[in-house]
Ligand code: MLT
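Here we start with a single chain on its own, the form predicted on its own, put down as structure tokens.
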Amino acid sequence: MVSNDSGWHYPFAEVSVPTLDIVTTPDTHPEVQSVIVVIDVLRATTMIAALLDAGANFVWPVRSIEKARHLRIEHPELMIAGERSGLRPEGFDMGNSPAEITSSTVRGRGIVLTTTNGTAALETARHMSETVLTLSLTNLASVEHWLSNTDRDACLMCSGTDGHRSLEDELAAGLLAARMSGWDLTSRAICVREQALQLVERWGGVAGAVAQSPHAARLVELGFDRDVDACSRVSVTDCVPALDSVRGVLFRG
């Protein structure tokens, strides 16, 4: 309380700050869910940003291969992309490889994308919030800027790998949390932030930390080492993919 010479007392105005939560798998209940930010560093959310950067009109995430194929039949102008067990499904135009995207291939096209983990997490997020963004290491600073210009609570949702926690997703979540000065972090967000900073210090940088992921090792075995490199770059795009809650497609934000 403060007072003036007349004896009147004025309460201090309470300043509320937004809360940032992190869930390490999509089936973990978030403490806040005003804005959901889905993360699948290797490779779906990196792929989504890369497609939109290359001029794709939109990316339509779907859970199943069958749904992607059905949409292609209904809308022959669409391209279908994705993976299962890291590899491109039969009959798909593209896999899930951000390093292989070219503007000449995707510019002006709508892309249907289905992946093992990331697109399923996006479907979960769509049922939880009307505002869903995607985060990768490549657009870290841009998502930070977007969140810093809102007063809404946010939850970073890691897609994980086959239902298990994923080092690279938590790394991106933790590095973003470390940038959100002035925000109220939940206890688990603080924990993920500290683990991410320790990983970066231990392995000499972000790329070194990503390389420790079992998922990264698996992609290298499959011949996608260029993808691991592409997904390890930090803040190289200003693209913030945002999900249209009505149509269920991602546009460049």
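Quick note: we count residues from 1 along the sequence shown, nothing fancier. Model, not experiment: these values are computed from the prediction.
The same protein also has a form predicted together with this ligand, omitted here; what follows describes it.
Taking the partner from elsewhere, no residue among S136, E170 and S232 has a non-hydrogen atom within 4.5 angstroms of this ligand in the model of the complex. From the list 150 to 158, 100 to 108, 178 to 186, 115 to 123, the contact stretch for this ligand in the model of the complex under a 4.5 Å heavy atom rule is 115 to 123.
Only one of the listed residues (V192, L42, V38, I48) places a non-hydrogen atom within 4.5 angstroms of this ligand in the model of the complex, and that residue is L42. For the candidate set A211, L197, V32, L219, a heavy atom within 4.5 Å of this ligand in the model of the complex is found for exactly one residue, namely L219. With contact defined as any non-hydrogen atom lying within 4.5 angstroms of this ligand in the model of the complex, the contacting residues in 77 to 112 are E83, N96, given in sequence order.
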